[in-house]
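One chain follows as C-alpha cells, the form predicted alone.
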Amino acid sequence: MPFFAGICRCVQVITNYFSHNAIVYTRNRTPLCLTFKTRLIARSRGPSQSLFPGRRWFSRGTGVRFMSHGTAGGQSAGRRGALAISGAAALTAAAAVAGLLANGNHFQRAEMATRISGAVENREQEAEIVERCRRFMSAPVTDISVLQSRKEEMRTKMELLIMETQAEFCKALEEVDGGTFKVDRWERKEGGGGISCVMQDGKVFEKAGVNVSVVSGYLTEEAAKQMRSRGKVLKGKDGKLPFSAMGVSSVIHPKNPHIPTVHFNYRYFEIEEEDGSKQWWFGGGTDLTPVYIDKEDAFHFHNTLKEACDKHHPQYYPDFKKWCDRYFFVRHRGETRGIGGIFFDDLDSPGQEEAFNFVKSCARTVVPCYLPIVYKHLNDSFTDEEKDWQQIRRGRYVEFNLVYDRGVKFGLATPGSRIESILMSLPLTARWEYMQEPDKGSREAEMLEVLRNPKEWV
C-alpha cells in the first residue's frame, strides 16, 4: 500500500544516511551528522531527558562530546563513541519510524472501520427504502435505485412520505368499506408521472380518490404567472424555469350524508433559477366538508390537527386555520366550502428539514382525524331530503374546485398533466337547484349559517 511503502522508504533513507555519514568529522573530530542529529534531538527532548540510561549529552558550539559515565575519551574513543551513537541514532530513528508505522496502521484501521461503518449504514438505509416501498400501493414513481442514490435529498424524502400516506389512507378506507382501490399508474412524457388510486360505488364511499404525482420539466408561462401573483420572484434562464413538484391529494365522497367529505393535500415544489440556485417550498392542508353540523365531529377533527401543529409551533394551528377559512371560500356564493381545518402554502421556513417534519406530522393525521368520524356515522339512517341536500352541497364543492382551487388550476395549466387525476376530486353526482334556500330553523339552515360565518371549534 502507498502509505507503508513510503514508511519503508523512510527507514531505508535514514539507515543509509547514518551508515555513510557516521565518520564525517568536524575540525575537532566531532561527527557532522551526529552534531546535526543531536541538536534536533536535544531541542526536541529537552535537557532533562536522556536517550540512553547512564549517558549524558553536552553541546559546545558546533561540536558534541560523548561522556561515558562521566569519563572523557580520546580520539579513538571519540570515533568509537561517534560510531556507536550513529548506530544507536539509526536504531532510535528506526524505532521511531516503527512507532509511526504502528500509529499509521492504527489510524488506517480506524479509517477503514469508519468506512465500513458508513458503508453498512448506507446499505441499511438503502434496504430500509426497499422495505418501505413494499408497503406502497404501487412501486414509487421514481425508480427505487434512483431514490437510493439520492436518499439524502428532499425530493426522495417527500416522495417516500406521500407514497406512505397514500398507502396508509387507502388501506384504512378499504377496511371500513370492504371494497378495493383500483391502482392506476400513469406517465408524463415531459417528465415524471403518478399513481391514482380510486374506489367507486363502494358500500360506504360513492367515490374515493387518493392520488400521488411526481412531475418535472419546465414551468409554463401561465403556471409561472400564477406563482408570481403570490409574490414569487422567479428568474429563468432564457425564459425557462426547470421545476420538480410532488404531492399526495385525496377527496372522499361518502354515500351517507351524515359522513362528511374530507380532502387533504401535501406537496413539495422546487424551482431552479438561472444562476443554478433553487427555490423550494411546501404546501398543503386537511379540511372537512360536512353536510350537517356535528359539533363533536368538528372538535375531534380540528383538535387532531391542532395537536399535530402544536408539536412544531403554537401559532401554526390558529394561523393555518384562518388561512384555511379564507382559502376555501366560494366568493360568488359568499360561503366557505366546509368547516375548514388547516391550509398553508409557500412554507419555506424555518428550514427545509423543520418544514418537512411539520408536513410529515400533518400527513400522519389523515387517518386518525377522519376514520373515527366515518365509523361513528357508518350506520346512520337518512332521508331522501337529506340526500338531496348532500347533492346541493356537492355542487358547491364542484364550483370551488373548478373556479378557485390552485392545484386544479396548476394541473390544467401544465402540459402533459393527466386530466382524469386532476378531476378525481369531483363527485360522481351533484345537484343544482334554481334559487334553493333552506327553511329557517332547519338543520340545513344551521349548516349554511356556519358556512357563512366560520367558527372556532377548539
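Keep in mind it's a predicted model, so treat the numbers as computed, not measured. All residue numbers refer to positions in the sequence shown, first residue = 1.
Only in words, not in the display: the form predicted together with another copy of the chain, which the text now covers.
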Within 4.5 Å of another copy of the chain in the predicted bound form, heavy atoms considered, which of 182, 135, 232, 171? 182
Using a 4.5 Å heavy atom cut-off, which residue among 198, 227, 298, 271 comes into contact with another copy of the chain in the predicted bound form? 198
Taking another copy of the chain in the predicted bound form, would 207, 333 and 403 all count as contacting it (heavy atom within 4.5 Å)? yes
Does any part of residue 436 reach within 4.5 Å of another copy of the chain in the predicted bound form? Heavy atoms only, please. yes
With the partner left out here, check for me: in the predicted bound form, does some heavy atom of residue 455 sit within 4.5 Å of another copy of the chain? no
Another copy of the chain contact in the predicted bound form: residue 407, any heavy atom under 4.5 Å: no
Among 182-190, 279-287, 356-364, 159-167, which stretch has residues whose heavy atoms lie within 4.5 Å of another copy of the chain in the predicted bound form? 182-190
Could you list which residues of 425-441 come within 4.5 Å of another copy of the chain in the predicted bound form, counting heavy atoms only? 426, 427, 428, 429, 430, 431, 432, 433, 434, 435, 436, 437
